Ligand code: ASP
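Take a look at this single chain, the form predicted alone, given in structure tokens.
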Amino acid sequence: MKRVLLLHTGGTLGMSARRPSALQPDTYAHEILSRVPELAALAEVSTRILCNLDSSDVGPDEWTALADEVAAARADHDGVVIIHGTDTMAYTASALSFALGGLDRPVVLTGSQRPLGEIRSDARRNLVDSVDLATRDIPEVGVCFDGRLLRGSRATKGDAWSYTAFASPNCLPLARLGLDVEIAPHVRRPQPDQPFAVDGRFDTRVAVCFVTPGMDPRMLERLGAGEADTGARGVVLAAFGVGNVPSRLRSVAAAVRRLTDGGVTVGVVTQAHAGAVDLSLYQNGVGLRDAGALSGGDMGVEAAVAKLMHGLGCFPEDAAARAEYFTRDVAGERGDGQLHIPD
């Protein structure tokens, strides 16, 4: 029987009205297996509590710890399931996708919109589906919710109320779980010359700026102001459409140029729910490209933030290496130029 490690980080799934304080390992393992006995039929499940946090408090420190836990688990587990709050699950999934190079087994993040102890909870199904997927040949980081496994570097939380909380614009699910488990053909496989390697270095000095009509570009510039250890070293610019920004009266591109001249890496993503950035299509986008901004292609905000943090962590003094890393597909976060819209 396959062995699966269940890592708990917090979130709604493990919440209990009668015990709001910190979970204890033995109690937690007992309750998971007693409330969801189906798990024992799927795999030999062991549990570990890494932390018990609201996911809004989960960040790069926890990403690094999770990457290290996954690396250690490879010695005696066939897959890993991470229980995580939904609010920042997509950020963590993206971060792990970049930190776990050459991944050769499934790492599945899941959670729920209602606690496991509630009658109408979605937690049971998500747990069963995730442990099942963790025993299969899907060597990727994924987000399992409502009967679908989404690529971790493509996932985004799109609904705060529905059980179908996550979507993956431009990328079809890696697997669908219904009467059977259907695994998609676009699941990534590690290359023969790419051994597993963990690199959990992240630089938190990344900011996100959503372009708005008539915005004052000085607000963007201020993100990179301050001392070297306080100002942003990376900015994810969420532009209109395929990468357009205002230029007629207040030039956003001019502000971007001042940032890049100061050593700040600027990556551009689209505010649209699907589609990709093309900084050669319209003059207002060409201005960004000429100012040194990097196209994020069809990356979502979560993937772009995590990737820029990872690039800054891995190449702190090499802007050219950061640019090459940000614009290269690393973990399936950038598409092939064709749109793959999940139904």
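The shown structure was predicted, so the numbers you read here are calculated from the model rather than taken from an experiment. Residues carry their position along the shown sequence, with the first being 1.
Note that the form predicted together with aspartic acid (ASP) isn't included here; everything after this is about it.
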If you check in the predicted complex, do S46, D78 and T135 all have a non-hydrogen atom within 4.5 Å of aspartic acid (ASP)?
-> no
Just to confirm, T86 within 4.5 Å of aspartic acid (ASP) in the predicted complex by heavy atoms?
-> yes
Going by a heavy atom distance of 4.5 Å, is S112 a contact of aspartic acid (ASP) in the predicted complex?
-> yes
Could you confirm whether D68 comes within 4.5 Å of aspartic acid (ASP) in the predicted complex, counting heavy atoms only?
-> no
Look up in the predicted complex whether S55 has a non-hydrogen atom within 4.5 angstroms of aspartic acid (ASP), and give yes or no.
-> yes
TL;DR on 185-193, 167-175, 112-120, 95-103: the one with heavy atoms within 4.5 Å of aspartic acid (ASP) in the predicted complex is 112-120
